[in-house]
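Considered here are two forms of the same protein chain, supplied as structure tokens in two stand-alone entries, structure 1 and structure 2.
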Structure 1
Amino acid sequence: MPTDSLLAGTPLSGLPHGEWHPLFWAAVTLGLYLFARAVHQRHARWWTSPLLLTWALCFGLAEALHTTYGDYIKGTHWLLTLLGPATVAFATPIYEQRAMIRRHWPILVVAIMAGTAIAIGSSWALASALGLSPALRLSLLPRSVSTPFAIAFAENVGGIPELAATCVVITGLLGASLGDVLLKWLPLRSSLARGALFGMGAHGVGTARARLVGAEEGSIAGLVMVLAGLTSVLIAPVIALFMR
């Protein structure tokens, strides 16, 4: 939650300081997530996505209580550790789609390399045009890969992992929403093209949306998401060195 009050070291007001603070923020985050899921099930829109709604509600509450980022992360850092097993689990769709990889590996390689280069290049160009600091620029580069890969990338190149994760969520939500519009305008007739559109442009959120389009589109989107994330982690640090 990269806000001035969170990063400025302002103490938590309105609540007594004590050991229960970490438990408070962990319970609040999980409770708000369950609430956001219930809202999304009743009103399924991109702006009611649990990823967005939970973040917005936590953001508002932290601002109201003048909470520092340090106070918040004390109780929720264990959620970040769960990204490790999640990253390992990404090997599953690659194994399940190994036959598809063998059939279409040339176009997959070209598409993922091109998509990764465009995502990183456009992020850097936009950040430069806005005059952002180097740390912020590096945090924006992995916005088009899933959160575990984005956090690993940001940590390796000197970015801000939490900001990178926030950019990933925003990109995913916007990408999944715009993906529906693009499907109506672009002549994408194959499930490979439709799935790759969501997987490359909106990572995890796009993969969930692609599954609603079709089972094969969802599988392809998940595969592209994983391969794009791995590619970004491998080549983005090298690219970042030239961009500093």
Structure 2
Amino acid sequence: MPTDSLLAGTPLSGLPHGEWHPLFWAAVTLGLYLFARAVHQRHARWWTSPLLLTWALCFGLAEALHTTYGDYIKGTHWLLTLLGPATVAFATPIYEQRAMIRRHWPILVVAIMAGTAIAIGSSWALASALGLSPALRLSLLPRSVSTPFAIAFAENVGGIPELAATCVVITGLLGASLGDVLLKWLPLRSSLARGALFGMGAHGVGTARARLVGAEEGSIAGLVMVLAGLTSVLIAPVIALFMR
């Protein structure tokens, strides 16, 4: 619980004891995010990834203040809502890559079909082998696709959307680093393969990393990420049928 002395004289002090103003957490999240971005610009390491750093700092603070997720999300839900408009925004890069889509569409279809099948199949098989609960298993299925799609997918098949989103984020963070290592090991000649590796395996975070490898890799990764997300949303009702 926050102490009253900390709040004395601030606009926050008028609230019932032990409760933060809902916008407090929005301000904290925004502030930590800007801080994390600044740190990442100076020291680009995997552990300074803005998302990881924001999460770690925010989580530490929330734990220290004994805040529940319910309290936290009250003031920050609007940020999650912005994922909707962000999904709409994906139309622009897709439109701008239309020439590349026309040239390479058969390969893109192969990449997305192979990637989606392996992603869902491996999540299911590994989670079952390790004896995870059905709700966890379902929340792990969409972890390779971008968050807005993953949340839609989890809602559809009966997973826990927030948990699915968390798995997506962890996948992105680990995947971007794993991708770097894999590029050194795999004999990949085409920029298509390098881009697809990042876009399919580590969605948004991977796409950002692929942009550093090369411009073509970056746009392929972004395209594969969006198309894989769309595919998973479209096949979610089918998978939901099998899960029942």
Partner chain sequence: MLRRTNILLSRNRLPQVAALITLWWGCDALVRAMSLPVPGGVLGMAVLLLLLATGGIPSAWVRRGSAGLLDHMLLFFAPATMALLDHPELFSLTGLKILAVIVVGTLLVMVGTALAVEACFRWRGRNAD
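Think of the rigid core as the biggest set of C-alphas that the two forms share within 1.5 Å after superposition. Numbering for residues begins at 1 and runs along the sequence of structure 1. Predicted model, so just to flag it, every value in this text is computed and none were measured.
Matching each structure to its source, the form predicted on its own turns out to be structure 1. After superposing the rigid core, the Cα of Thr171 is displaced by less than 2 Å between structure 1 and structure 2.
Ile73 is not among the residues whose C-alpha shifts by 2 Å or more between structure 1 and structure 2 once the rigid core is aligned; its shift stays under 2 Å.
Relative displacement of the Leu132 Cα between structure 1 and structure 2 on rigid core alignment is 2.7 Å.
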